[in-house]
Ligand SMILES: NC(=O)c1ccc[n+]([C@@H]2O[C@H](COP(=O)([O-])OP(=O)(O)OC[C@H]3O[C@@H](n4cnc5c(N)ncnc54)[C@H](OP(=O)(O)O)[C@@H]3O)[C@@H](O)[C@H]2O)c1
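In the form predicted on its own, a lone chain appears below as structure tokens.
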Amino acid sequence: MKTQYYTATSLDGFIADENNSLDWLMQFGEPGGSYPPFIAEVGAIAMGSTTYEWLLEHEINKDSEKTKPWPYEQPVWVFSSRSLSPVANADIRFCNGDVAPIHREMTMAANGKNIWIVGGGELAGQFFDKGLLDEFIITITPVTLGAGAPLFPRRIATPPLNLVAVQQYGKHYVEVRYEVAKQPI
């Protein structure tokens, strides 16, 4: 079981542009590559409120005539200090504060499967700060944004991450996997 930060980034290291838009990413279509086998191994999901609200606006409630179903079967913990609207027929648990006790809950719910930190970078950073992040799985796209939400707003220099794998997908994507080197206790 691993806690993984799986996301896409621009070549210059942003996961959303300065307007919190993902249009730069959506131009490439639906996720493919490693996503289908990745999500099959996920037992619990963590996301920040910005990611949750983006999903509601751009996926679930995109068509005012008909809402789409929640895209995840796994339980999802949404970290937020604000009250947010739930989605019908979805296992969404709103929480805030220290990620460590929530991670314990997620581990139990995942039942041996992986935990996915879907976004954003700050939330992944909080898991990293507590020594709970095991792996980065980053899909790099061939665009630059110049500004926006950073991939990971933390310094990791010593010890560095350990490269596990590199994979090209089509003409546009490269995926890199890095293992988090654990600090000696």
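Computed from a predicted structure; not experimentally measured. Numbering starts at 1 and runs along the sequence shown.
The protein also exists as the form predicted together with the ligand; that form is not presented, and the subsequent description refers to it.
Colleague: Using a 4.5 Å heavy atom cut-off, indicate which stretch of 34-42, 154-162, 51-59, 128-136 touches the ligand in the predicted complex.
Modeller: After filtering at 4.5 Å, what remains is 51-59.
Colleague: Looking in the predicted complex, any heavy atom of Ile140 within 4.5 Å of the ligand?
Modeller: It does not: once the ligand is placed as it appears in the predicted complex, Ile140 has no heavy atom within 4.5 Å of it.
Colleague: Might Asn111 be said to contact the ligand in the predicted complex, defining contact as any heavy atom within 4.5 Å?
Modeller: The answer is no: Asn111 has no heavy atom within 4.5 Å of the ligand.
Colleague: Please run the contact check for Thr107 against the ligand in the predicted complex: heavy atoms, 4.5 angstroms, yes or no?
Modeller: No, Thr107 sits far enough from the ligand in the predicted complex that none of its heavy atoms falls within 4.5 Å.
Colleague: Check whether Ser85 has any heavy atom within 4.5 Å of a heavy atom of the ligand in the predicted complex, and answer yes or no.
Modeller: Contact with the ligand, no.
Colleague: Can you list, in sequence order, the residues from 1-15 that come within 4.5 Å of the ligand in the predicted complex, counting heavy atoms only?
Modeller: Stretch hits, in order: Thr7, Ala8, Ile15.
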